[in-house]
Each structure stands twice: as structure tokens, then as C-alpha cells.
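One protein chain, two forms: both are listed below as C-alpha cells, the first as structure 1 and the second as structure 2.
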Structure 1
């Protein structure tokens, strides 16, 4: 879908929400909306798209109480704001929209989390991503370094960029919206999406991208939507293996989950943001044991998170149950950069080649 088509769909869909409220009130009914329940107990695997989506459980929000009526009022103001923004061809950040609401009187947001959640509501109701509303977060996407060439529209026209030869040491910065990026060609065998900046820099400094024809992506912790969309497009366009390399703790496993399965709060966008073929490269609990890596004891919150993952349908595989139960038994967690205890070259010369061979990505 082109940018123009997406914008047109956004306006049409958003105005239809307001129009439905008008029809309800005209018929003497209390205006309402129905939205899927956004919990891990209401996500289901969709065989056709191979991603996790919301199930059939829904919650009804209507204007029967002052609190619910205020929520719909805020939604009406946001719809009006987005409509004006699109017609003026302007854009804003989620933070700016939160501050703009200061002038909306009773429709003012109490916190940015509230306004962010409402935008997610509108994405679900309109079937349009927030990028189609010309709304984006404060942070940009992460960085890419490797043998791939893209074509991007800039203020000075179309520009072709090679993500090794035409970039600095930090790589190519992924923009807020990647829909207008054209994937030209590549010489890569696989993609490694890396949680930490230290490990991303280590692989670049050690020449891992050149030695193994690898595209490296720095996730910057929990990846931004634009980063997840970029990985999705690389997988769909070039059918490259996508491997996720994180720390060895429950919060990092959720980073992998957001890339491969989709995040619970954005399950309505899973087909655009999730990469079902993504594989977990490490750091695994069994790696902590097998390589005797420096580690820390699990905190109470870590244990609680691991046990929660055992009941999460996205982690309901024998692989994850075995690894998570092993971690609970060892009561240990570790960081990617703990491999440095074995030498600065250990991760690129020993661990990654062995792990990639084990996964069938590299030949032994």
C-alpha cells in the first residue's frame, strides 16, 4: 500500500469511528466501541500468517459512566487531531501529541502511557499503523551494518546506500518509517539482530560481518517498531535467516519474543512487525553452564518473569521449557559480553561459529 493510499485509509477509517458514534446517539443508544482484550491469555497462533494475533475475547467501552465517556471524548479529540495533521501533511511525535492535549480541557491526558494506549486502540479499530497517522516515537530505529544496499527517499531525492561501504562505524540508522525504503540487493548469508551496543560494536570491530557475509542489526534493547518492521521486510523480501542474539535473562527472551512472535500490545500489527522465521541464537541458559560464563544470581523479579514465560503461549515449546527450567534450576543469568572473560575474539571465533554451525547456518 502506497503512502497516499495508507493516509486515505487512515482518514476514512477514523472518521467512520466517529460516524458510528453519531449513528448510535441518533438511534438513542449509548455510544460505544468494542476492542480485543490485550493480554497473553487472548493471543492465538494464526496458521495462515504464522504470527500471534488477538483472539475472540473483547471488552466493551461505552459512555455509560463518566470515566468511559471521557475516554471516548479523548478518542474523538485524537481523531480530529490526526485528521487535521494528515490534511496539512504534518507529522508529530507521540510525546508532542501528549503535550498538545494540554489544550483539550476534559480530554487532556493524565500521562503519556494513556495517550500511547489510545493510539493503539485506534490502530486496532482502523487497521492502520500509527505511521499512517503521521505519528512516531521520540527514538529512531536502531542501526544496520552489513553487505546490503538500499534506496531511500531523502530531502535531496532518492539516494542509494550500501550499509558497509557508505556508512560510518555505527552503520545505517533505521528511520522511524521504513515503508519507503527500497531493498536493492545484498551479499549476505544471514542477519544477526543484537541486543546490546557493546556486542554490536564487537562484531563489527572483529570483522564478523565481512568474514561471514552477515548483516548486523543493533536492536538497542527492546527494539523499536521500525526496527522490527525492518527485520520483517528483510525476511520477507530476501528470505534471509534472522537470528536474535541477546543477554541470557528473561527480559532478553522477551526481546526475542517481540521480534519473532510479536508483542502482546501490538498483536494487531503482528503481520507487519513480527518475523516468524526468526530464531533464538543465544545467550542460552545452557551456554552459561557449558561455557562457565561469569553470571549473577536471579532476582525475585527475574524468577517471577521466567515463571510467567512458562505460561506464555508464545514460549510454549519444548525448547523454551527446557531452557527456562534449567535457568530456574541454576538460579543464574548472564550478559552477552560475559564472553569477553574468555578473550575479545572468543565470541566471534569460537561461540558464534559453533552455534551457527549447530543451527545449520554455517558449515562445520
Structure 2
């Protein structure tokens, strides 16, 4: 869907929410909305799109109580705000919208969590991502370095950028709205999405991108929405293998989970934000054992997070059960930069070639 189509769909869908309330009131009914329940117990695997989505559990919100009526009032104000913003071709951050609500009297938000949550409601109701509302988050996108060329629509016109030749050593920064990017061409065999800046820099310094025709993406910890959208589009547009390389701890598996399966709180956007073909490269608990990496003991919170992953439908595979149970048994975790204990070239000369061959990405 082009940017223009997305914006048109946003306006149409949002206004139809308001006109449904109008119809309800005209018919003497109490205005209401119905939304899927957003917990890990209400996400289901969708075979067609290969992503996890919300299931059938719904919660109804009607204006019969003061609290719910205020919620609908806030939604009405937000719809009005988005309509005006799209008409004037402006955009704003979620934080700005929160402050703008200062002028909305009883519809003023009490905290930013509340306004963020309401925007998610509107994404679900309209089936349009918030980029289509011109609302973007504070967080920056991460960086890309590798043999690919994009065209980006910027305030100062269309820019064509090759992500090795036209950028500094830090790479190309993913903009807030990935919808403004066109994918021109590439000369890559695969994409490695990397958790830490130290490892991203290591692969660039060691020339891994050149030697293996690899596109390197820095996830910067839990990846921003724009980073996940970028990986989704690289996978869909170019059908490139996407490999996720993180630390070896439960928080990092969640990073992989949010790239591959989508986050629970954005399960309604999984088709746009998740990359079901993304594969977990490492660092696996079995790597900690096989390479005898420097490691730390698991904390109580780590153990709790690992146990929670064992009951998370996104990790309900034999592979993850085996690895997570191994980790609980060893009681150890390692960081991806721990490979440096074997020398600065170990990760690019030994670990990654072996692991990529095992995964069938590189020929042995």
C-alpha cells in the first residue's frame, strides 16, 4: 500500500468509528467499541501470514459508565486531531499528542501510557499503522551498513543512498517512517540483525559485510518499531534471509521474538512489523557450552524470564524448549562480545562461518 493509500484508509476508517457512534446514538443505543483482548493468552498463529495475531477474545467498552464514556470522548478528540494533522500534512510524536491533550478539558490524558494505548486501539480498529496517522515514536531507528541502495522521500526531496558508498562509518540511519523508503537494489546474500553496537562495529571493522555480501543492521537492544518494519520490508521485498544475532540471555530471546513473531502489544500489526522468516543465529545456550564462553550466573529475574518464555506460545517449539532448558540447567548467560576472549577475529573468522554453514546460509 502506498503512503497516499495508507493515509486515505486512515481517514476513512477513523471517521467511520465516529459515524458508527453517531448511528448508535441516533438509534437510541449507548455508543460502544469492541476490541480484542491484548494478552499473551489471546494470541494465535495465523497460518496464512505466518505471524501471531490476536485471537477471538474481545472486550466491549460502552459509554454506560463515566469512565468508559470519557474513554470514548478521548478517542473522539484523538480522531479529530489525526484528521486535522493529515489534512495539513503535519506529523507529531506520541509525546507531543499527549501534551496537546492539555487543551482537551475532560478528554485530557492523565499519563502518556494512556494516550499510547489509545493509539494502539485506533490501529486495531482502523487496521492502519500509526505511521498512517503521522504519529511517530520518540525512539530513533537504528543503523544499516551493507550492499543495498534505497530511495527515501525527505523534506528536501528524494534522496538515493547506497548503504556502504554514500554513508559514513556509522551507516545509514533508519528514519521514523519506513513507508517513505523505496528499495532500489542490493548485492547481498543475507542480513544479520545485531543486538549490540560493539558487535555491529566489530563486523564492519573486520570487513564481514564485504567478504560475505552481508547487510548489517544494528538493533540497538529491543528494536524500535521502524527497525522491525525495515527488516519486514527487506524480507518481503528482497526475500533475503534475516538472521538475528544477540546476547545469550532471556531478554535477547525476546528481541528475537519481537523481530520474528511480533510483540504482544503490537500483535495487530504483526503483518507489517514481524519477519516470520527471521532465524535465530545465536548466541545459543549451546554456544556458551560448546565454545566455553566467559559467562555470568543467571539472576532470579533471568530464571523467571526464561520460565515465562517456556509458556509463551511464540517459543513453543522443540528448539527453544531444548535451548532454554539447557540454559536453566547450566545456570549461565553470555554476551555476544564475550567472543572477544578468543581474539578480535574469532567471531568473524570462526564462529559466524561455522554457524552460517550449519544454518545452510553459507556453503561449507
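Think of the rigid core as the biggest set of C-alphas that the two forms share within 1.5 Å after superposition. In this text, all values refer to a predicted model and were calculated from it rather than measured experimentally. Residue numbers count along the first chain shown, from 1.
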| item | value |
| --- | --- |
| Displayed copy of the chain that is the form predicted together with another copy of the chain | 2 |
| Core-aligned C-alpha movement of residue 84 between the two structures, 2 Å or more | no |
| After fitting the core, residue 169 CA displacement of 2 Å or more between the two structures | no |
| Core-referenced Cα shift (Å), residue 157, between the two structures | 2.8 |
